[in-house]
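Listed next as structure tokens is one chain, alone, in the form predicted alone.
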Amino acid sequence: MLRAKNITFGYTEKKIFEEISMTIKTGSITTLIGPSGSGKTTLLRCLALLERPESGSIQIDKDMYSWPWPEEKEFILPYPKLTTVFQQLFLWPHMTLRENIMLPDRLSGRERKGARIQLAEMVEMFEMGDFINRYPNEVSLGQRQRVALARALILQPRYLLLDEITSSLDVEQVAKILDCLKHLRDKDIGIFIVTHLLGFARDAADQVAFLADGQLMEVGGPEILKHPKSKRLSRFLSIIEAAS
């Protein structure tokens, strides 16, 4: 499992969050919600070890990372065991979508025989057959989202961290992404999703976490979005409902 314990992160004297603890299990989906500016993406980047907390620890299966990190100790990212897809997607415009997906396998220096079989399976799962040989600027945002997911999966990670991957998608595209994520969960991948869509957070999640005011205010099953226990989550849900 991926487990964060008492991690704190901030810039100079400003703390973004303090002493956050949470667990992401394989074969499950955790969604993270909260107000804008509450540090959701920063927390994801810490879990992905792309940002280093000031204190606390992150355990990824048997690998332990603790802070402050000793200067003399080499810092090795747990890629591809853990991989991340950001809202910007970062697809190479001069490569076809097929080439984008296969790039991590090629850069690994292995070019596994099974990678092409795996690609064929993902083309079917993500319904990419009609556009897989096009370039990024020739397809829709929703199609690019699916390509970015496939590229993240080509090296078979155990943990997949996703930052607002449904932003700017229509309802039909969100539903397709949701189906894909549930399929990946059933393959025993641990998935962590930052999202501002409460319906998506509820429908996708085995576990929902609410981040606000530098703290995880509430963590539980999807039912907490209907029956919150904390006043802070209740107020947040009321504001969202009033604005919709």
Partner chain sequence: MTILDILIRYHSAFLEGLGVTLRLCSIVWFSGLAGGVFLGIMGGHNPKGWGRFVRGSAFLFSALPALVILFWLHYPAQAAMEVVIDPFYTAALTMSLINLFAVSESVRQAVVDFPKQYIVSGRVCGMSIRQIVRYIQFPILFRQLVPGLMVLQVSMLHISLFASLISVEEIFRVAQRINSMIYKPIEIYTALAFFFLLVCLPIHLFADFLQRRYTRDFSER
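Fair warning: this is a prediction, and the values are worked out from it, not measured in the lab. Residue numbers count along the first chain shown, from 1.
The next section is about a form of this same protein that is not shown, the form predicted together with its partner chain.
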Review point. In the predicted bound form, do Leu149, Val171 and Leu225 all reach within 4.5 Å of its partner chain through at least one heavy atom apiece?
Key: no
Check your understanding: So which of Met128, Ile165, Leu119, Leu155 gets a non-hydrogen atom within 4.5 Å of its partner chain in the predicted bound form?
Key -> Leu155
Practice item. Decide whether Pro93 counts as a contact residue for its partner chain in the predicted bound form under a heavy atom distance cut-off of 4.5 Å. Key: yes
Practice item. Report yes if any heavy atom of Ala115 sits within 4.5 Å of a heavy atom of its partner chain in the predicted bound form; otherwise report no. Key: no
Exercise for review: Answer yes if any heavy atom of Ser140 is within 4.5 Å of a heavy atom of its partner chain in the predicted bound form; otherwise answer no.
Suggested key: yes
Review point. Looking at the partner-bound form in the predicted bound form, is Val219 within 4.5 Å of its partner chain by any heavy atom?
Key: no
Point to revise | Residues in 63-86 close to its partner chain in the predicted bound form, defined by a heavy atom within 4.5 Å, in order | key: Leu77, Tyr79, Pro80, Leu82, Thr83, Thr84, Phe86
